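One chain comes next, on its own, written out as structure tokens in the form predicted alone.
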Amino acid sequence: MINIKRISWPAAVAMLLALLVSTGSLMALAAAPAANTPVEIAAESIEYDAASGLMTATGGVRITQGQAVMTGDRAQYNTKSQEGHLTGGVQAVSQDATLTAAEVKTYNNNTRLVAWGGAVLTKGEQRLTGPRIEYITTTQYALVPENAKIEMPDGTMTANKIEAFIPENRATGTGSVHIVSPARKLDAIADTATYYGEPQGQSKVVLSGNARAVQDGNILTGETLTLHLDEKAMGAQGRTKLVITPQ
């Protein structure tokens, strides 16, 4: 039997949709559905225990809010603890943004989300990937705590850890940072790197700790390097070494 019901389950869905939209807003995503947009849940079976406040949907779960759709094999949400858990090839799609992961959990009154199991957030040509993606909805802060990677049209940044500060259009990679941009003929490494996307037209990356950047065959090393991406220029602070390769 297939049940299709409208259930007041806005929190977990809205939070996941917020993750989907807000994480990508680092690269200028559209707004999330309005909080009062109806949520529709369809599954082969939906059970609700009023005493415990636990709702369980199993079998081809499909959750829809506005133009956003989330699917998985199983979903649980506790209306009392306001914690949710979705499993089984979770996929959330909103406009041109897609989040996929093996599982997604919500905590702390749905202010903290954790997606893990090959978590991938794709928005247009940009992708944020890692074994796990965490997101704090109140501050729009995203964390990939290990084996993190951001892919953009003109390059990638990998690091042991990547933090994204969505409202500021800023991201920081920590530990074995490696930036590669074939379009800019740039290859850079450092202990830490921070990308600043604002103001537009003046984006830059600041490399700190054992920094080394190679562009057009020229090699710049130092403790702190600043790569002005739009101007295709580099600067350095502290003792620096530059090796110029004749063209």
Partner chain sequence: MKKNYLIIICVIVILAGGLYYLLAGPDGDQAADPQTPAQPAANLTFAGSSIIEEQDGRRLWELSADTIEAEPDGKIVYLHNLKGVFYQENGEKMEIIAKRAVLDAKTRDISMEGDIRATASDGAVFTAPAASWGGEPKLFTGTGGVTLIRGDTVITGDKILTDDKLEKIKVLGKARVLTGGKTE
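Residue numbers count along the first chain shown, from 1. In this text, rigid core is short for the largest set of C-alphas that superpose within 1.5 Å between two forms. None of these values were measured; they are calculated from a predicted model.
From this point on, the text means the form predicted together with the partner chain, which you will not see here.
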request  = Note which of L186, L220, I189, V39 lies within 4.5 Å of the partner chain in the model of the complex, where distance is taken over heavy atoms; exactly one does.
outcome  = V39
ask   = in the model of the complex, which of the listed residues (M55, V206, V214, V69) lies with a heavy atom within 4.5 Å of the partner chain?
value = M55
query = Counting only heavy atoms and a 4.5 Å cut-off, does the partner chain in the model of the complex sit next to every one of T129, V177 and V180?
reply = no
message = E47 versus the partner chain, in the model of the complex: is there a non-hydrogen atom within 4.5 Å?
response = yes
key: Residue contact check: N169 to the partner chain in the model of the complex, 4.5 Å heavy atom   = no
query = Using 4.5 Å between non-hydrogen atoms, is A193 touching the partner chain in the model of the complex?
reply = no
ask   = Taking the shortest heavy atom distance, is T98 within 4.5 Å of the partner chain in the model of the complex?
value = no
inquiry  = Core superposed first: is there a CA shift of 2 Å or greater at A42 between this form and the one not shown?
reply    = yes
